[in-house]
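One chain comes next, on its own, written out as structure tokens in the form predicted on its own.
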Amino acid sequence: MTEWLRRLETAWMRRNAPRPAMRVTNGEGLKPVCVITGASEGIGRELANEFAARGHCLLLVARNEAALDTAANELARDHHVTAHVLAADLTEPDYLEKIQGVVNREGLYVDILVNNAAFGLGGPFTEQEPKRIEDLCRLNVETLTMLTRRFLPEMVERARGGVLNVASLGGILPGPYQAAYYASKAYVISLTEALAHENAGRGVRICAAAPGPVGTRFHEKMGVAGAFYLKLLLPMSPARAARIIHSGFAGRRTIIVPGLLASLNAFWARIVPHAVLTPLIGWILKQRY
């Protein structure tokens, strides 16, 4: 019965895909790999653990080479998988060539793409450095978009694979004092929902995760460690967030909101008028020293 249901599910997922004889076999003779950006710590590192626990070969991408090596060694030891690493700055123009270079050199094809790399900026928009805003838009929006554009068509041709974009609960509402970050995550959610519709029934999972606060160094790095929302909304552990996100991805949910409290907040954020909601969010997000 379980095998029959699995086949039925696969047939439904591929209902709009080309017939097997017409598919492009661009992965033939190669090994599938799960590429995870921002994989050296936080949610990215924990998602790597979730995929490795299910036997996926990994390509971990981040800037910190030492942290990547440590993560790769731990994953190989704990789950007996191959974990490749690439230390790269994804705001630099050659990131696509570097990732493709590792994929080609190791005899791989990208079966799953996890766009997790991102950073935020806290404080009034007018006080933030233009170069930092430019880098935020490049990493959170442009890099995610172009990585998806590079690897999604091949997934569609194979009628298998998936794209998991890590957005934020902040992507469903305006965020005064984190304006550019919230806007970048709104883009990620919008893009994901649109691509999921365009490619429905073509054998590819396309999902976005929208977690609330997670207990990582992310908030400290963006300079908002004293913001009231971190006290009001108790951060979830990255391991738990990753488990829920991976489960939602496996279950082919388009938008994954980890946790009951975050799900309730997402519900209210979609129905409360922004004229009411935006001042409240601004009060919650404002840094208090």
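In case it trips you up, residue 1 is the first one in the sequence shown, and so on. None of the values given here were measured: they were computed from a predicted structure.
This protein has a second form, the form predicted together with a small molecule, left out of what is shown; the following refers to that one.
Here the chain stands by itself, but in the model of the complex one stretch of 62-70, 247-255, 49-57, 260-268, 62-70, has heavy atoms within 4.5 Å of the small molecule.
The putative spot formed by Thr145, Tyr182 and Thr192 is not touched by the small molecule in the model of the complex; no residue has a non-hydrogen atom within 4.5 angstroms of it. Exactly one listed residue, out of Val204, Leu113, Val166, Ala83, brings a non-hydrogen atom to within 4.5 Å of the small molecule in the model of the complex: Val166. With the partner removed from view, the residue among Val214, Val156, Ile99, Leu108 that has a non-hydrogen atom within 4.5 Å of the small molecule in the model of the complex turns out to be Val214. Contact check for Thr91: a non-hydrogen atom falls within 4.5 Å of the small molecule in the model of the complex. Interface membership of Arg160, defined by any non-hydrogen atom within 4.5 Å of the small molecule in the model of the complex, is ruled out. Put simply, Phe218 is close to the small molecule in the model of the complex: some heavy atom of it is within 4.5 Å. Of the heavy atoms in Ile43, some are within 4.5 Å of the small molecule in the model of the complex.
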